[in-house]
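Shown below, as structure tokens, is a lone chain in the form predicted on its own; questions about how it binds or moves come after it.
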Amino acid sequence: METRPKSIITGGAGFIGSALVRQLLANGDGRVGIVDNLNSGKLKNLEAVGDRVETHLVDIRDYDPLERIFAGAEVIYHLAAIPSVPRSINEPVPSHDVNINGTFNVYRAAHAAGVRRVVYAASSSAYGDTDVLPKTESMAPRPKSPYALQKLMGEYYGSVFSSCFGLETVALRFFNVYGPRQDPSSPYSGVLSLFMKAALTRQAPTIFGDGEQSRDFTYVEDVAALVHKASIAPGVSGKVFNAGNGGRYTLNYLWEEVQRLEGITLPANYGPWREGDVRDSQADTTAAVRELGHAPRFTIQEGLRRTLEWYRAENA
């Protein structure tokens, strides 16, 4: 009889979730469980490691199977979400239902199943627009969109489950994660996956705004490594940490870099600002480095090169 996985990832067939699966297996987990409804995740993302993955095609809005699946697990990595600011504005009901009610289900099921720790994928969008950069965890949140508010609520629930119910929780505020397997086919996809698609198809991308808005883009393997570190770090239950690189790059600069890597010249088109978007974002990673051992390995140039190589191979 096979041993039940000690690590379970909600959203494990997604872009970040599948990177975390590979990270955990490389770290010595013999088997990893995933929970995914495949709304945006793809089993193809796990093809290379499928024989070491226990897959549960379950929606996190459905509580009962979660408690059964979590039984015997030590850590739940909660990455499942509808991760889009524009979609949370255009379709607020499903976004609320998954990101708030689904997250509550995950915490509740983890506690009922006797799980040791939940690591929660929070969002840097919780900061909103602030004049002060980089953004530190002690800043008052100023969410500008339903999505930002929903992800912030998940942090608060984590803190409450830690203090009231004794469930260890850690929240990581992701800062614009990018890398291989990010799906560029959706209008809500991350901007760098859309840049990659544009470069390879020789179609000018549309940048919303003037392109001078800046972000702390973080390579997916660095994020996966930090998520794992957050599951084992002592004395951090109930805390929130930035999961960024500490850098800041404009969209115009990044499109120039992608063009350089692909050897093309293709001026971008510009459209109106997107509702709910923040102007600038940059992580202060001091706390994550000190308390979690965060140590990003990939520069933006190396991350872009690796990502473009992957998309190029996929489209060959």
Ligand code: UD1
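Small disclaimer: the values here were computed from a predicted structure and weren't measured. Start at 1 with the first residue shown and count on from there.
Below, we turn to the form predicted in complex with the ligand, even though it does not appear here.
Tell me the stretch among 153-161, 226-234, 190-198, 99-107 that has any heavy atom within 4.5 angstroms of the ligand in the predicted bound form. Every other range fails; the passing one is 190-198.
Decide yes or no: are 167, 169 and 241 jointly within 4.5 Å of the ligand in the predicted bound form, with each residue judged by its heavy atoms? Zero of three within 4.5 Å in the predicted bound form.
Counting any non-hydrogen atom inside 4.5 Å, which residue from 136, 203, 90, 206 sits next to the ligand in the predicted bound form? The residue in contact is 206.
Please tell me which of 44, 274, 61, 260 lies within 4.5 Å of the ligand in the predicted bound form, judged by heavy atoms. Checked against the cut-off, the match is 274.
Using 4.5 Å between non-hydrogen atoms, is residue 125 touching the ligand in the predicted bound form? Looking in the predicted bound form, residue contacts with the ligand include residue 125, since a heavy atom lies within 4.5 Å.
With the partner left out of view, is residue 83 within 4.5 angstroms of the ligand in the predicted bound form by any non-hydrogen atom? Answer yes; at least one heavy atom of residue 83 falls within 4.5 Å of the ligand in the predicted bound form.
Can you tell me if residue 278 lies within 4.5 angstroms of the ligand in the predicted bound form, counting non-hydrogen atoms only? Residue 278: contacts the ligand in the predicted bound form.
How about residue 215: is it within 4.5 Å of the ligand in the predicted bound form, going by heavy atoms? Although the ligand is absent here, residue 215 would touch it in the predicted bound form, with heavy atoms inside 4.5 Å.
Going through 145-170 from first to last, which residues have a non-hydrogen atom within 4.5 Å of the ligand in the predicted bound form? Heavy-atom contacts within 4.5 Å come from 147 alone.
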